[in-house]
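Only one chain comes next, encoded as structure tokens, the form predicted alone.
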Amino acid sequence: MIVSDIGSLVTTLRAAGCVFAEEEAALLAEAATSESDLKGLVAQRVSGVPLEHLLGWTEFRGLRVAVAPGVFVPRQRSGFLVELAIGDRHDPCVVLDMCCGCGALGLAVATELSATGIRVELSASDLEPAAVACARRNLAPLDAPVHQGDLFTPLPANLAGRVHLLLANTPYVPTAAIADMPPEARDHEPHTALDGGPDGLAVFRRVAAAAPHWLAPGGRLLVETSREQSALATTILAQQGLTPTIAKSEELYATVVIGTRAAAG
């Protein structure tokens, strides 16, 4: 750990609006290789660079997940989607992490299902090259392929009709609301990971339309939305022939819509 005056470091971070200044100060001090390096990290943090981009990692569901500049940082509320997904006890379980970012959702679901003895076949996909590179690092220990391209376009045809869990962390911020987001997200994360179009559900609509082709009978599509969007999202799922449900976590302030394909027979 490199630090000469942790108190002044905390004061600087708190003045910049860092709510968890003490924790951030300790993490930055641990990451720094010299006093000058620490000063540089603090200056970047004060300017609005996400802490996770400076550290090179974030903790998600007890896992240390690599992140990098220009890559969406997984939110802790997305852990609720993971909780819902791991209720699936299909063995083996084919999992697809769509709009995967750094691959945190797929990594967590595969890790937690595997811990129960379930065999998991995981694939992931994202449009952003930086996200794909990051996800490949995180998912390499699982030998999970990460495909680069627009939604389902780069996926191998042999996944069609086989996916039991389709995790889709689609962007859901309405375009007009991007300007009101915290600078950490607005200025440092790719807009493709944030901008959900006029009503926030433009990408969701495309995923919902294609999902029945990729889901196995009884397979589930799980997507995080805002509470305000959830009713419309379930209507969209029903229009695509999926049985919709809404799940909410008061603790994490998270809302997930689930679309289930009808079981065979």
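Quick note: we count residues from 1 along the sequence shown, nothing fancier. Keep in mind that this is a model prediction, so the values were computed, not measured.
The protein also exists as the form predicted in complex with a small molecule; that form is not presented, and the subsequent description refers to it.
The contact with the small molecule in the predicted complex, taken as any heavy atom within 4.5 Å, belongs to Arg206 out of His213, Arg206, Lys39, Arg227. Note on contacts: among Asp88, Glu112, Glu121, Glu128, the single residue with a heavy atom within 4.5 Å of the small molecule in the predicted complex is Glu128. Stretch 162-170 is the answer when you ask which of 162-170, 112-120, 133-141, 177-185 has residues with heavy atoms within 4.5 Å of the small molecule in the predicted complex. Looking at Ala108, you'd find every heavy atom of it more than 4.5 angstroms from the small molecule in the predicted complex.
When contacts are judged by a 4.5 Å heavy atom cut-off, Gly149 counts as touching the small molecule in the predicted complex. When contacts are judged by a 4.5 Å heavy atom cut-off, Gln76 does not count as touching the small molecule in the predicted complex. In the predicted complex, Cys93 stays away from the small molecule, with no heavy atom inside 4.5 Å.
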